[in-house]
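Form predicted alone, single chain, as structure tokens, below.
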Amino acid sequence: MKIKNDIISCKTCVYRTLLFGCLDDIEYKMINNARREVLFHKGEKIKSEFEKINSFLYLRRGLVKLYKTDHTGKDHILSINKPGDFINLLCIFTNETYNYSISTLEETLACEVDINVLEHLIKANGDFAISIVHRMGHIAGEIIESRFEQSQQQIKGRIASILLFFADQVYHRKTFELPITRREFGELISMTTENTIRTLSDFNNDGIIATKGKTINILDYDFLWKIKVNG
């Protein structure tokens, strides 16, 4: 972990309109004075399950996984979050402690804002409070849709969905280095590592993708999309 100072003011942040667009200059200054930019190395744990929640956290660069650990010590990935995501917004007003852990999948730059300042602004600025509610609803809706989609899919559809997520929403290209291991891939879609590896191999043999180590090259994007849609 390393403290950074890349942004002079929150008003210059490309993600400010996602949540902070209705703040005035004084309120921006309050947020700016209550935040810190933190650079995390790949594989570093940002927050631990049961750790006290004392800040609002969002990603500016990188990739993280949210996961829970069961009584046997096995991790279960809940989601993967990308730049612009507010990764603890759903829990900061309902829990005193985190009910999941957060670790980086690649070098990640995040901003933390003191939760007391955030709560003050919510009480003082009605428009900001509404924007918080709207954003929480949007995040909850995405989770519901994602979980419902996954529940309707067989393993091929689930794997196609994750590959398209990385291609379309994270890296914005058809060739990319998979940021998770085959085991983590299986955790994310609630499938065994063996079935995950076998299905990726089938995709490779069928000419849908080409794999070399951790590099994925989507050769037939349209067909992969059909697999996702048809489950």
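Position 1 is the first residue in the sequence shown; the rest follow in order. Treat the numbers as computed from the prediction; the structure is a model and nothing was measured.
One more form of this protein exists, namely the form predicted in complex with the DNA; it is left out here, but the text below deals with it.
I need to confirm a contact call. Of Glu194, Asp70, Glu51, Asp206, which residue comes within 4.5 Å of the DNA in the predicted bound form, counting heavy atoms only?
Going through each option in turn, the one that passes is Glu194.
Note which of Thr94, Thr97, Gln154, Ser146 lies within 4.5 Å of the DNA in the predicted bound form, where distance is taken over heavy atoms; exactly one does.
That would be Gln154.
Only one of these stretches, 154-162, 80-88, 114-122, 100-108, has heavy atoms within 4.5 Å of the DNA in the predicted bound form; which one is it?
This holds for exactly one stretch, 154-162.
Is His41 one of the residues lying within 4.5 Å of the DNA in the predicted bound form, judged by heavy atom distances?
Answer no; every heavy atom of His41 is more than 4.5 Å from the DNA in the predicted bound form.
So in the predicted bound form, does any heavy atom of Arg198 sit within 4.5 Å of the DNA?
Looking in the predicted bound form, residue contacts with the DNA include Arg198, since a heavy atom lies within 4.5 Å.
Determine whether any heavy atom of Arg61 comes within 4.5 Å of a heavy atom of the DNA in the predicted bound form, and answer yes or no.
Although the DNA is absent here, Arg61 would stay clear of it in the predicted bound form, with no heavy atoms inside 4.5 Å.
Spell out, yes or no, whether the shortest heavy atom distance between Thr181 and the DNA in the predicted bound form is within 4.5 Å.
Within the cut-off, so yes.
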